[in-house]
Structures are given as structure tokens and as C-alpha cells.
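One chain comes next, on its own, written as C-alpha cells: the form predicted on its own.
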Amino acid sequence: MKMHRSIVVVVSVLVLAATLNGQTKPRARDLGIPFDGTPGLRNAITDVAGVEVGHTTLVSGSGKLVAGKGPVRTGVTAIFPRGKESADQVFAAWFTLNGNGEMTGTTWVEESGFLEGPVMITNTHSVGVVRDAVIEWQMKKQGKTFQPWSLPVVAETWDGFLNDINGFHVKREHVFQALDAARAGAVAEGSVGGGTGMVVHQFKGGIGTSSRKLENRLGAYTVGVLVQANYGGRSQLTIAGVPVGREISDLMPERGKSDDGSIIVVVATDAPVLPHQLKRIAKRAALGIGKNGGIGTNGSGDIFIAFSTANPGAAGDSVVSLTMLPNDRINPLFAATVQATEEAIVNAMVAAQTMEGVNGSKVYGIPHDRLKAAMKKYNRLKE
């Protein structure tokens, strides 16, 4: 599929603001990496009907770090549960595996059981501007129907190894662009949006997505996952059971990059599950990370949020009737979450390309030929 991008130049900063976003680059399955489960049509979080994703990508400058000027390697990503035209809330829950990170708005998600508006992901020092810009965007979008308060959900991972993070390059207009660019369909991956400057298992990382479609006998529900992957050491990296980190032990980040970091996981489903069940589903994202070698290090912010697009209108001001999947039928959703999280992380790695940032810091994209060779060596390559 051809990638469609709208390109806007803002004060000499290249802004890639779009996510109708087909993939011209290969994905993990294209390389023959085997994964369990059956993906949806696009193998993306947008396989859950109604979900829309938008990115703004900021890349400019090179060489020596000059705070406020660059180099810039950052951005922002928006995920709408019911699309940007809908103000209908969704049941949601969140979970933290390790809390050296931030996801705003989660106190009210925990208390109310609802997610209001989009989930936003950016860099650590841009959480505030993104949060404020979402409120302004909602206020303009909803007009007189806008409620007098809002608690947006904004998550982050740290991109300061490649990006002038203290230059505060994400501006309100970039947030608006990501929100306005949100679309259904294919989702751009790798060094895009909030994932632009991220590093995973000491290879270039960023945004990745995947989905699973359950069999008809299990309800034919869809589970979609989007990650912003920025965690992990090389030695632990495992892909489809293969110790890839030991097979590709060179190509380490130049000028040093520790194995600490963070990962944000967004899980979407159309299954009729309630907040306490979504909490259980969100926890299972940790198992997908573990399959790739993540251990939730002390310095890592591993924070997950899950929502269901079922039960529309549940947040109204009158008594409503709800549908709920029995707990005895929830295991396939657990498995789908684990599988889609695992694959989304690998998709982020496969899509990301070598990037040089501040002070010549360089992170290599995982070499596809050597990844395939490692798969073949362990009889895991799917021809």
C-alpha cells in the first residue's frame, strides 16, 4: 500500500502529520517472522472499528545539541477510541508494570471506569503542552456542548538520547495536527509521531501496532494494540523465541545508551467487557513485552491502558442496559493481547530505520537480513 503523507514546514521543522498512513516498509510478518494468532485485516489497532490514529512527526537539524534549537527528533501520536468526531466515552482501565513514567488522567479512569477523549503519546517533557492542547482542541471541536472540565490521558517515553528534549519542540499546533490527522486504516510505524526518537532493546524503536481476530466460536471479537516502544537491553532481546540480541550483539547505539527506558501500550477491543475486566486485559500486555525480553527495569515507565468500544452510550445520564462477556470467556482476549503486544513491538523495530540525533548520537535500525538469518538459524523463519 502506498503511504499518504501531508507535509507541513513550520519554522524550519519538518512536520510529517498524517496517518492514513499505509506501510511502504516491510513489517515483521513480511520478513517471515512467525507469530501466534490470526491478525485482523490491517494487523493494526484500527482493526477495531471506530479507532483512529494520527501522528505528527518532527525531524530537523543535526550535530551539536543547542537547547531550544535542536537537533529535533520527536512528535506526538493520537488514538481515538470512537474516532475524532465522537464524544461518546468508552469503558477503560489502566495498569502500570513499572512506574518510572507518566500517564495523565488515569486517576479518573480508575475512579469512573471511563476514558473521555483520545489517548495521546509524546516525549517526557511535552506531556504538559499536549494535555493543554487536547483540552483546547476539544473545546473548539465541541463548542457549547464541551463540559467545563477535562482530564486528558497523555502518556510519555523519554527521547532525550536523540532529541533536544529540553527544547520543548512539540507545540500546540503539532498536537492539533495529530488530532486532525487521525484516520482509520493502515497506521504508520517506526520513527513516527511520539515514537520518532525512541530506542527499543538498543535498536531504533518507536510506534508499532498489531491486532488479533478471534474465531467465530469465540465471539469473532477483535483486539488491537499500539505501542510506543522505548525500553530494554540488547542481551534480553528475543523475537519469536529466537535470542536475537545474542545473535546481533553489535550495532549498539553510538555514544552509549542504557537498557533503561519505557513502553506505553494501548489495547483496544470491541468485546463487551467492563472496566474491571479491562484492567485484567491491560495487565496481560506485560506478558507480551516479556516474550520479547522486557523485564520492567527500575528506570522504566511501563504503563498500559485498555478500552472497549462496546456498549455505546454507557456514559449517559440515565439508566442503561449493558452487555458483558462472562469471565469464563475472557481467556481468548488475554491471549490476543499478549500476542498483539509482542508483534506490535517487533513491528516497531522492523519499521524503524537508523537515526542520528543530538551530538552525533546514533541508533541503528535492526538489519532485516541478519534478523531473517537468525530466524533461519533456529528454524523459525516462515518462508
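The numbering used is simple: start at 1 and walk along the sequence shown. Everything numeric in this text was worked out from a predicted model, so none of it was measured.
The same protein also exists as the form predicted together with a further copy of the same chain; that form is not shown, yet it is the one meant from here on.
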Considering only heavy atoms, tell me if P312 and a further copy of the same chain come within 4.5 Å of each other in the predicted bound form.
-> no
Interface membership of N327, a further copy of the same chain in the predicted bound form, 4.5 Å heavy atom rule | yes
Classify E111 as contacting or not contacting a further copy of the same chain in the predicted bound form by the rule of any non-hydrogen atom within 4.5 angstroms, answering yes or no.
-> yes
Contact between D30 and a further copy of the same chain in the predicted bound form at 4.5 Å, heavy atoms?
-> no
Among E254, E215, E173, D132, which has at least one heavy atom within 4.5 Å of a further copy of the same chain in the predicted bound form?
-> D132
Candidate spot D36, N100 and G241, all three in 4.5 Å heavy atom range of a further copy of the same chain in the predicted bound form?
-> yes
Pick from 73-81, 243-251, 206-214, 182-190: which stretch has non-hydrogen atoms within 4.5 Å of a further copy of the same chain in the predicted bound form?
-> 243-251
From first to last in sequence, which residues of 313-336 have any non-hydrogen atom within 4.5 angstroms of a further copy of the same chain in the predicted bound form?
-> A314, G316, D317, S318, V319, V320, S321, L322, T323, M324, L325, P326, N327, D328, R329, I330, N331, F334, A335
